[in-house]
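Below, in structure tokens: the form predicted on its own, a single chain.
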């Protein structure tokens, strides 16, 4: 469902140095990155700040084109077929919303139906299902700007799934949520993956999300893949550590020394 082969992404940074001279520097955000995610997998994608996670997500969704290598998501090249890909994937950014800020939540859902050209009856059934599972009914008539963070995140997840995508990409979906809201989101995502077989790629700094949701974990650092395996394999890399947080911290530290 997701395939990256030798993918790299670099950025050229320019800045003034003195009155007449300038300085150019090339930053390699992602280097020779290769991995595959099969249909129905739930994969955690970890890395410290600046490791290349967000750059990878932007390339997978077509926002950025790779400098080198090849990417395929749901059978499409994201940067060349971005509009077609949008119908096959859903994306949730925990720190940003795709909803219309001043409109009631239900109006945002209606506009999303029109954007994706979803059949009216199919949309009605899908929305009813999502509203029940995510408990959205009590605030469908509220403007998005009046929703709490937990309510808004659940609304964003529903919006990303209304067109029934094959792939769901989540970037920090539980950031800032309280314990109850976080548990509700986790339960929903677990059920979505298990019952509908939706492929999920999750980036997060909350390792509780990883332990409770993911069977497979990839760790990226300095733009390269540092680990790819099961959560059990990850723990086995540092058997003397008592928690996954300690294991990941040790891997980050070890990779930084290389």
Partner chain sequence: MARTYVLLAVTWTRAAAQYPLSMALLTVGSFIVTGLDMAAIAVIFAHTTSLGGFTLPEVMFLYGTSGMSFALADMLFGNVDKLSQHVRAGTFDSMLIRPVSPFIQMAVDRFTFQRLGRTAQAATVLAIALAHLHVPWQRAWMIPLMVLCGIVLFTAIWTLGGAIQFLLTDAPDVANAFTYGGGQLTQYPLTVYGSDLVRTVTFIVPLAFVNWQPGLFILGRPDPFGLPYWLRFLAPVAALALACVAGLAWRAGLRRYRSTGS
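Positions refer to the first chain, counted from 1. Because the structure is a prediction, the values reported are computed rather than measured.
Heads up, the form predicted in complex with the partner chain isn't pictured, but that's what we're talking about next.
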Is residue 87 close enough to the partner chain in the predicted complex to count, meaning some heavy atom within 4.5 Å?
yes
Is there any non-hydrogen atom of residue 24 lying within 4.5 Å of the partner chain in the predicted complex?
no
Evaluate residue 116 for contact with the partner chain in the predicted complex, applying a 4.5 angstroms cut-off between non-hydrogen atoms, and reply yes or no.
yes
Are any of the heavy atoms in residue 100 no more than 4.5 Å from a heavy atom of the partner chain in the predicted complex?
yes
Candidate site 80, 110 and 171: all three near the partner chain in the predicted complex by heavy atom within 4.5 Å
yes
Residues in which of 61-69, 30-38, 209-217, 228-236 have heavy atoms within 4.5 Å of the partner chain in the predicted complex?
61-69
Can you work out which of 185, 91, 177, 136 has a heavy atom no more than 4.5 Å from the partner chain in the predicted complex?
91
